[in-house]
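Shown below, as structure tokens, is a lone chain in the form predicted on its own; questions about how it binds or moves come after it.
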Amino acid sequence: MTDTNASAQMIRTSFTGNLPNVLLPIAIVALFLFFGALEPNVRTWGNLSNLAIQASYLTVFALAQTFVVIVRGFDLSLGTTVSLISVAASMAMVWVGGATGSDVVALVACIATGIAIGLLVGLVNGFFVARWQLNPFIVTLATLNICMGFATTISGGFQIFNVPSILNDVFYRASFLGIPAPVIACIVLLVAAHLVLTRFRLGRALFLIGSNPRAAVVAGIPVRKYTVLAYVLCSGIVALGALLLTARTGSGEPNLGGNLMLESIAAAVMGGASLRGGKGNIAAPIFGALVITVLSNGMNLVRIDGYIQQIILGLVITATVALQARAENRRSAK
């Protein structure tokens, strides 16, 4: 009888742990069918393509958050980092393009500038969180303001125009086998992240650090070093996402980050990553991003007021995160 109860408990725990992977695809399909019944344009091929592209952006940023969520952190500076990279990379591209007359060289300068800024922000966040043991909320909130200040100052609060079209051509308009460039970039990042989290020592170490930091220390894992790496990886992915968004707009935007900070954390957590650490995979950002994207897209097409959309989206995110937290509390109580 004891073995039977233990087996049943293991089955319940396994099912509960995989609940987001079961319920979220159903929720995505249900939302799509619901809005499709209200507005036929939801079901068009053009809108499906638009959904894939929009979801790919949010998936990239949710993937970035997943790395730091696994080690019991988060990155509040994500949105303003996107804005800073958009402005700085665009300015570098315009200047280098004008100085050299080469769009290819300008594109390289743009990518290098964006990635360098992203890695620097991640290094700063990781250093203060891991080395100085400061709260991630305080550290990344401070970085949020710093990045916002830099983005506004160097751009004067205005868009950066005259960005060479090669950025848009390569990172937005290009496609392979009919798959748009943003979707391809998202898939490549997801595959790379999956390999890091499942095949490399770094990934296994991040999960152990998040689930039991003391056990990680006993196991000889350099906890501080790997925590810094988690934040660097996060901001490195954010840099790539920022370049993709900048390519879409075709200009440097000091407010490009918008609500990405909240939506990226929400997408990661909705998809199954735990704010308590030690839990997460590439399915989390995919499913979470799709739920938010399908919901936002559907509300837009059925012409729901923008402010009402924010309220509905906020309620959905809050309810989903609360339900996940409650499920985790029940599991830990057992």
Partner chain sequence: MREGVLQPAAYSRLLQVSIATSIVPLLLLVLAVGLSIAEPRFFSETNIANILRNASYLAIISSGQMLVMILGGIDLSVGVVVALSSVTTSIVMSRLSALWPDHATLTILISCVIALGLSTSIGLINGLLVAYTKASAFMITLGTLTVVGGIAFYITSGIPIYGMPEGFTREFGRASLLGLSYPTYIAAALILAIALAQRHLNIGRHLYAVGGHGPAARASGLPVKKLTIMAYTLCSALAGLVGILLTARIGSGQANLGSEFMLQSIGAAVLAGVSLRGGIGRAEMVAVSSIFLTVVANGMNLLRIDSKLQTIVFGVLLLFAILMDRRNRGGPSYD
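Remember, predicted model here, so these are calculated numbers, not experimental data. Numbering follows the first chain given and starts at 1.
What follows is about the form predicted in complex with the partner chain, which we do not show.
Residues of just one listed stretch (104-112, 237-245, 199-207, 132-140) have heavy atoms within 4.5 Å of the partner chain in the predicted complex: 132-140. Contact here is defined as any heavy atom lying within 4.5 Å of the partner chain in the predicted complex, and by that definition not a single one of L119, L123 and D169 is a contact residue. Although the partner is absent here, A192 lies well away from the partner chain in the predicted complex, with no heavy atom inside 4.5 Å. Proximity of P213 to the partner chain in the predicted complex: non-hydrogen atoms within 4.5 Å are present. At the 4.5 Å threshold, heavy atoms of R43 stay clear of the partner chain in the predicted complex, well away from it. In the predicted complex, at least one heavy atom of G314 sits within 4.5 Å of a heavy atom of the partner chain. The partner is absent here; in the predicted complex, the one residue of S175, S165, T153, T100 having a heavy atom within 4.5 Å of the partner chain is T153. If you take 274-310 and check each residue for a heavy atom within 4.5 Å of the partner chain in the predicted complex, you get L275, R276, D305, Y307, I308, Q310, in sequence order.
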